[in-house]
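Next up: a single chain in structure tokens, the form predicted alone.
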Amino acid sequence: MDLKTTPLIDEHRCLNAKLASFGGWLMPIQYEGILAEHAHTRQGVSVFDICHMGEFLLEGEAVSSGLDRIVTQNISSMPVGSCRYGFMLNEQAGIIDDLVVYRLKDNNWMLVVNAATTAADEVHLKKHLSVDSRFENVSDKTAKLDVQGPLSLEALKDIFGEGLSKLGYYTFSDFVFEKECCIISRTGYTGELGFEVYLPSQLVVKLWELLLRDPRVKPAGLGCRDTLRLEMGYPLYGQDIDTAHTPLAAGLERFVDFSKDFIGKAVLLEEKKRGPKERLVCFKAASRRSPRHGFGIYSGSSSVGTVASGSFSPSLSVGIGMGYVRTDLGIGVELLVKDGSTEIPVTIVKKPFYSKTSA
């Protein structure tokens, strides 16, 4: 299969992608090329097929349904029409998944979860939700396209109207496409102005084709999605965060509300008291050489950590990455990323790596 020329979506792939195992076909790595797609997203507008993500609908009051205890963010205080990023933790405070919760109505919610964890997330939710709550996995019925970049609002307004201009960051509203209701949120994982469109699966091809008739819009694949999120220091589940790490170790405490109860809270409070054993840091190379997942991180001859994510940064023209290291290593510390004969000098830096965005 030529990933540079194969159409991103056909009549069946959107649903097939949802059924693919992790590591199977989800979306093409690239079309025009990762560097070109990355630049176009930063400067114009790109559309990503993210149909493989999981979507759950839940009906029930925030606390009595058990949902508020399952997630780390405070969903009780969310206004209708807003969404929040947070985590589901296990009893040891390890991250089962990161997710976004949408408040559709007072007692109606949509949860958007990662593709690889959808099945396990469903089991976890059903285990902890109250018997009087109503849960539905609508992943196979729901398609998702991410429209990202400085020109994303203008491109989508031509299809959905001026109402999109009213959306604030991490808010959403209902819109109509082909006489069917869809949800559009002002969210995304690129750092740019962007929107995520949820619509019935049978309509996704029509919307995809309509978007690509706009000369401003180009398709983008999984490759540049990864470089875009990494430049922002956004974590990727399965690499930067997982059940072996807590939100505190990952530096994501701001997405945990300690004023309420949640699964794993006691362990997390104890870790907060004593401090995590390691922490996720961002580091930048002095060259174009790219750190990779699993490479070792060294201070002199001593091993101090492991690379979680790494890539060449198209915006900065250097190698960048994130990794877990000893907590005594701070901003400005120089380290060495190694794998076999490969050695890449790096320096710990603040995130994001890239800040000249349109968001």
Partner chain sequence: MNIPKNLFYTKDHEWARIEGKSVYVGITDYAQGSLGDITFIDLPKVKDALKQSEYCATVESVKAASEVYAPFSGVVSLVNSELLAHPELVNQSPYELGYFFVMEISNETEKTNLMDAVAYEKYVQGLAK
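Positions refer to the first chain, counted from 1. None of these values were measured; they are calculated from a predicted model.
There is another form of the same protein, the form predicted together with its partner chain; it is not shown, and what comes next is about it.
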* To do: Would you check, heavy atoms only and a 4.5 Å threshold, whether A36 touches its partner chain in the predicted complex?
  => yes
* Taking 4.5 angstroms as the cut-off for heavy atoms, does S311 touch its partner chain in the predicted complex? -> yes
* Flag H124 as yes or no: does it have a non-hydrogen atom within 4.5 angstroms of any non-hydrogen atom of its partner chain in the predicted complex? => no
* Any chance H128 has a heavy atom within 4.5 Å of its partner chain in the predicted complex? -> no
* Contact stretch among 243 to 251, 153 to 161, 224 to 232, 195 to 203 - heavy atom within 4.5 Å of its partner chain in the predicted complex -> 224 to 232
* **R216, K141, R288, K272 - the one with a heavy atom within 4.5 Å of its partner chain in the predicted complex** => R288
